[in-house]
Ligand SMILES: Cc1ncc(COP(=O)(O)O)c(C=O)c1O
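Form predicted alone, single chain, as structure tokens, below.
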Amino acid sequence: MKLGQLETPCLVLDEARLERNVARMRAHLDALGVGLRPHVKTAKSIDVTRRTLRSKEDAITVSTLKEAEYFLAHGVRDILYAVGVTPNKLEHITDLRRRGAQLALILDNVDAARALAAHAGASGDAIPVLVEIDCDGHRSGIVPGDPALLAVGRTLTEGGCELRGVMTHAGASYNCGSVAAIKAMALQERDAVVNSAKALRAAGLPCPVVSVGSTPTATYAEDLAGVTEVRAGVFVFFDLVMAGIGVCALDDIAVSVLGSVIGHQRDKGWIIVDSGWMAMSRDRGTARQKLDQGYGVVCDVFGKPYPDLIMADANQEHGVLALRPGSHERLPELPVGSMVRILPNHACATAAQHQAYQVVRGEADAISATWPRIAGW
């Protein structure tokens, strides 16, 4: 089957770009002497994830227990559930562990640690835990140097849980304005967890795992001394936000949405396609960057970008293609029925709108496979 035979909108994955992205990240981390625990929330697909693992004994990171269920069913057992745990999920977590998942959790406060310790005592399940560290003020975690770290560590160990280590996510790296800033953030991320690990060990508490993770910092880290693993996810596909901060090029972006032209508003300079925000997602991450890419960059059916053509606006099922403001390019002639591929702002959010990947290789338009993906929690 060819792309032109598909009903649109649908999600296209360039397997050659995927493989290139994974090989680049693996080689970089191997050179730094640190392991990769890929974050599978981006792909939510065993077919994609297998290409990031060297064996099914490798470790992964998930954002939902549904992901943990799915990957366990496909033989992947070493799983970090990297969202702060709540009591209403503990029975499900213990059930997964009894079925063979080597599932570890994260938390960042004494209340959650007490709830987990109580569950460990009642269930006999000494669930392993990483304490989340706030390395950049972006989201969750304990600030380095806060006495709460030792309080959480003691609550876990005295309550019968396994204190496995510390982890952090440099989410603020997505807002960096230069490669130099990303490199500085990578050092800040590393120092936050390495120093927190030292504080735990100095207090007589165990800390074998020191985990960092974001695609920008993983890409540009130059020294990961003291770190045991890197968690990164969007590097498998990349997206326009990553391109906007210099983490990748447009031709590294492996996913796109295939859409069809359904009409024109020639007096407005618009081409209308059948792929609105339900296909692309509402994510407008590039609006905060130097170059606003609208809802996505428009390419031909082989994945080559049209000069300055973006999805400038979107309704639920309609996308409006137009030249970016100030452009001197000519609007391409795309008759009704023409197909385009649209590169997304945020690969995770766009992929979440679809049930499967239509897989191609390079500039070919032949579909080599259809890979299903999961959704939900």
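All of these numbers come straight from a predicted model, not from anything done at the bench. Numbers follow the displayed sequence, beginning with 1.
There is another form of the same protein, the form predicted together with the ligand; it is not shown, and what comes next is about it.
The candidate spot formed by Ser275, Cys299 and Arg341 lies out of contact with the ligand in the predicted bound form, as no residue has a heavy atom within 4.5 Å of it.
Of the candidate stretches 279-287, 213-221, 96-104, 190-198, only 213-221 has residues whose heavy atoms lie within 4.5 Å of the ligand in the predicted bound form. Although the partner is absent here, Lys41 sits close enough that one of its heavy atoms falls within 4.5 Å of the ligand in the predicted bound form. For Phe71, no non-hydrogen atom is located within 4.5 Å of the ligand in the predicted bound form, even though that partner is not displayed. Interface membership of Arg114, defined by any non-hydrogen atom within 4.5 Å of the ligand in the predicted bound form, is ruled out.
Although the partner is absent here, Ala243 lies well away from the ligand in the predicted bound form, with no heavy atom inside 4.5 Å. This chain is displayed alone, yet in the predicted bound form one of Gly233, Gly294, Gly165, Pro144 has a heavy atom within 4.5 Å of the ligand; that residue is Gly233. For the options Leu149, Ala186, Ala82, Cys248, the residue carrying a heavy atom within 4.5 angstroms of the ligand in the predicted bound form is Ala82.
Residues of 145-177 lying near the ligand in the predicted bound form, listed in sequence order, are Met167, His169, Tyr174, the criterion being any heavy atom within 4.5 Å.
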